[in-house]
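Presented below, as structure tokens, is a lone chain in the form predicted on its own.
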Amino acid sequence: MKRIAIVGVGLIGGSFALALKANGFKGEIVGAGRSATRLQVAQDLGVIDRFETDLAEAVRGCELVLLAVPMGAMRSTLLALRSGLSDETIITDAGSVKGSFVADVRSVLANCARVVPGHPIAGTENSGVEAAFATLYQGRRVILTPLKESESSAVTAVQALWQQTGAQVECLAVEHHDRVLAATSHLPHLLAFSLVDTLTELQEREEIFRYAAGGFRDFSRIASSDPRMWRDISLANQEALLAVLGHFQANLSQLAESIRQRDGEAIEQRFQRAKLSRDGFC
């Protein structure tokens, strides 16, 4: 490819650009977004080659466009850039919820043959282009959820670019992706935010945070993630997230009852199952 556009040059979009450059991509990378100041920082850091704040102009003449914006901004972003798209432009994204992205695409674009939804399973608790780094996707999974009308050539092109970043690419159905990610990513973030918020409301909060050990720091690390981004993800994947949250609440209620009944055997069995599952996974 000779030219691609990245709309939203933060941690995810910026790391995508840096990874491509580090692995031999010779084409032009155009950054797009609302803030010229932030885009200038991205250009000064060598993440992008040039930038545009007019999204339609940014994508004009590009062979591929990556949308790396919050889930709540996907539809307005598509509306802003669609006049600059050609029939051959491939559109992909890095959003954490695929069902809402597909709904946004279908509501804005008349033809989805060149649309290939995607989701890199990678990130940190940091945000912004300054947090981007070239090895973020090395050895990490990227899930593509092609539509029934997605052209095979578009899927192949998106897959090849992600592989060039060092990622392992797999495909899932849209609904399956959202159920799995609700359990493995969205629920853990929700729990981390909720735990820290709960402790913040306690009278002894200063002592709690002062004497917090490594376990608390490890578990709560992702509560430093972007709250607006995770607000959008929670709302976009509402159905799947509520379903897995219901399972978790039932499990937690059972654990509370075992503690109340001083049922040490039941507690240990639950912890042992969890340990075996976690040890096997990691």
Ligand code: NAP
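Source: prediction; values computed, not measured. When you see a residue number, it is the position in the sequence shown, counting from 1.
Absent from the display: the form predicted together with the ligand. The rest refers to it.
Residues placing heavy atoms within 4.5 Å of the ligand in the predicted complex fall in a single listed stretch, namely 227 to 235, out of 23 to 31, 227 to 235, 242 to 250, 210 to 218.
For the options Gln164, Thr135, Ser127, Gln168, the one in contact with the ligand in the predicted complex, meaning a heavy atom within 4.5 Å, is Ser127. Though the ligand is absent from this view, in the predicted complex it lies within 4.5 Å of a heavy atom of just one residue from Val105, Leu172, Leu187, Ala73, which is Ala73. Under a 4.5 angstroms non-hydrogen atom cutoff, the ligand in the predicted complex lacks Gly84 among its neighbouring residues. In the predicted complex, the ligand sits beyond 4.5 Å of every heavy atom of Arg114. Using a 4.5 angstroms threshold between heavy atoms, Ala94 counts as touching the ligand in the predicted complex. Mapping the unseen interface onto this chain, Leu18 falls outside it, with no heavy atom inside 4.5 Å of the ligand in the predicted complex. Heavy atoms closer than or equal to 4.5 Å to the ligand in the predicted complex belong, across 117 to 131, to the residues His119, Pro120, Ala122, Gly123, Thr124, Ser127, Gly128, ordered by sequence position.
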